[in-house]
Every structure is written in C-alpha cells, then in structure tokens.
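Next up: just one chain, as structure tokens, the form predicted on its own.
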Amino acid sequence: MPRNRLPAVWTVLSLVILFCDAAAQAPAPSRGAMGPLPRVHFLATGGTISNRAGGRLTAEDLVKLIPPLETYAQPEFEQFSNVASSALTLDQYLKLARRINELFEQDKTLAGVVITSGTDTMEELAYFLHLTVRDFRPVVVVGAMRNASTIGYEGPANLLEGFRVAASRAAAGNGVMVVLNDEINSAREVTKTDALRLHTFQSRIYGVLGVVDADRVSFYRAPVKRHTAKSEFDVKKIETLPRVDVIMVYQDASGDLITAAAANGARGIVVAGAGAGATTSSQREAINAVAQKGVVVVMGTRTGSGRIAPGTDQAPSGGERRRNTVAAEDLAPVKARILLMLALAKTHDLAEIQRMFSEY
C-alpha cells in the first residue's frame, strides 16, 4: 500500500472505533420509541401461590407483589377462582378454556395469557388447555411450591417470569407452557417430579423449551405435536366431559377395579401398565370384557417415560388386547386421561382415537 494512503486508512479506522464506542455507551431507546408494552391478561385460579396465613391472595394482590412487572408488560387481572388445584372441577376446566378463547377472539391485540394454579395437578390443567385453547398466542401456567407466609416464597418471581414469557414474541406458537424456577416447559411433556423441592417441574428426557434469564427469554426448541391453534377439540361443543378413570398395574393386581370403574359409568379407562404396558392376567381379562361393552381402554406405562406403541404387547395373549385397546404413545397416564376425555367427546371409534394419540 502506498505510504500516502496510510493516514487516510487510520483516520477511517479511528472514526469506526469512535462510532462503535459511542453506540455501546448510548442509552437504551425509550419505551415510547419502541411502542407500547405488550398487554397480558392474568387469570388467577388459586393454588399455593395464593396461600398465606389469615387468608388467600387475590389476582390483584399477586400483581402488586411484583413492582418490576410494568417494565415488561401491561397487566390485566381477573379472579377466575381461588381454590387448590385439586379442587378445580372438569366443568371449571371447560369454563377456563372457553374464557381464554373468548379473550383471544375478542381482543386481537392481546399478547398472551398467564394463569396461576396449584402445582399438584398443574400438569393436567396445562395439558387440557394445550389441547383446547385454539389460538397461536402464548398461554403460560405459573405456580409456587411455597406459600406467601413462608421464607423463600418464590411466587412473585415465577409470576413475573410467566408474564415475561407471555409477552415475548418468541413464545408465540409454542402452545401452553409451564414456567417455574426460571425454566419454560411444554404442557405436553412437563410433570411434577418432587413433592416439595422447587426444581420439581421437569420434562425428563425431552428437556426444557427454554429459560427466563435476567436479560431475555430464550427458547431452544419447539413442540412438534398438534396443539392449540391446530387442535380439533372445540370446547364450545362440549357441555360435559365423559368420565375416564386411571387404574395402576401392580403385582397380583385384580381386575375388579377395572370392572367396577366401567360399572360405575366410566366411558374410558387408562391403564398405567408395568414396564412397556404389561398387566396381570386378571386385569387383562377385565380389559377385554369392558372393551367388548364399549368402554375405551388406553394402555400407558407407570414408569414415567417411554412410548407404548400401537400394535405392541409383551403379554402372551396380547393379540386380543391390541385389538381392543388404544396405545397411549408417550403420554403420562394422567395426561392420557385428559386426551381420552376430549377424544370421547367426539367419537368412540378406536382407530380415530388412536390417531389422536399419535398426533397429539
């Protein structure tokens, strides 16, 4: 390079360095320049997150516990109920799904919805909404393992993170998510793995969808099974959900519980089988008997993970049972129950129900 061009090159480089340094030190753009904050609707149903000595926290109380909230979203709150998650009825499940669909239908500018729930049956509620909320916008279910009168109450932190996920554009299309302990899990795969520890909600072999860190919400994967906006289940057409019971397999278990469930009105039964779906001979006989009477039996596993595939059975006389039952795929028994209830509200055809278990 000619010597007379060196000063000009150094001048340009110096200007670039000065510009980058100034840009790095410049203040972040004001919210006014970025547009209004995303609006997030908050539906409180109760649970441990609302518990405290002397009474229960309301939706408004919970929002007031997180002053930084309005840095991330414009909150709107509504008290749906204020009970333990195990006290929520299936009729309330239907009403909650209808309410969320109504919010999305009436307000196209709403960014997302946050729901607080007790953790004991949170995975069931979340999966029900995953199948019945028919919109691409995010729905986030949040709770707490400790109540508001306990040292280390993590409710406000979890709720703030739930709002941040619901307000995030990256969350759209991921269906219903459970957010606790800085982690984002899909409603389909997440399960409560410990009765007391904060790190209880996990997706086992599947892993988290993402995390909520101080700087941003980060996603690493997306659900691939059908859900929410692509779901065929319309709660507007369902008045009541059919009874479905879950029966566990254990050593020398009798089939009379299966028979009794059918006799008392169960239209479907989920069997939490041993290993890859094995049952006792007594249970196998009962399954075949109730299936012949029109009760739909879904075979799952009690192991906590693993797939029960259609057309497989380790039992010596499995051929007859394969013809009479539906395979749960990789759904946990309690979630297989949720899907079977919705499926039975549409059809009793085993092939159609098996299709649903394969797609959802």
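None of the values given here were measured: they were computed from a predicted structure. Quick note: we count residues from 1 along the sequence shown, nothing fancier.
Separately, the form predicted together with ligand ASP exists; it is not shown, and the next lines address it.
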**Request:** Answer with one of Ile184, Ile287, Ala144, Val244: the residue that has a non-hydrogen atom within 4.5 Å of ligand ASP in the model of the complex.
**Result:** Ala144
**Request:** Name the residue from Asn101, Thr191, Thr280, Thr119 that puts a heavy atom within 4.5 Å of ligand ASP in the model of the complex.
**Result:** Thr119
**Asked** Thinking of ligand ASP in the model of the complex, which stretch from 213-221, 107-115, 227-235, 84-92 has heavy atoms inside 4.5 Å of it?
**Response** 84-92
**Request:** Check whether Thr301 has any heavy atom within 4.5 Å of a heavy atom of ligand ASP in the model of the complex, and answer yes or no.
**Result:** no
**Request:** Answer yes if any heavy atom of Thr48 is within 4.5 Å of a heavy atom of ligand ASP in the model of the complex; otherwise answer no.
**Result:** yes
**Request:** Check each residue of 335-353 against ligand ASP in the model of the complex and list those with a heavy atom within 4.5 Å, in sequence order.
**Result:** none
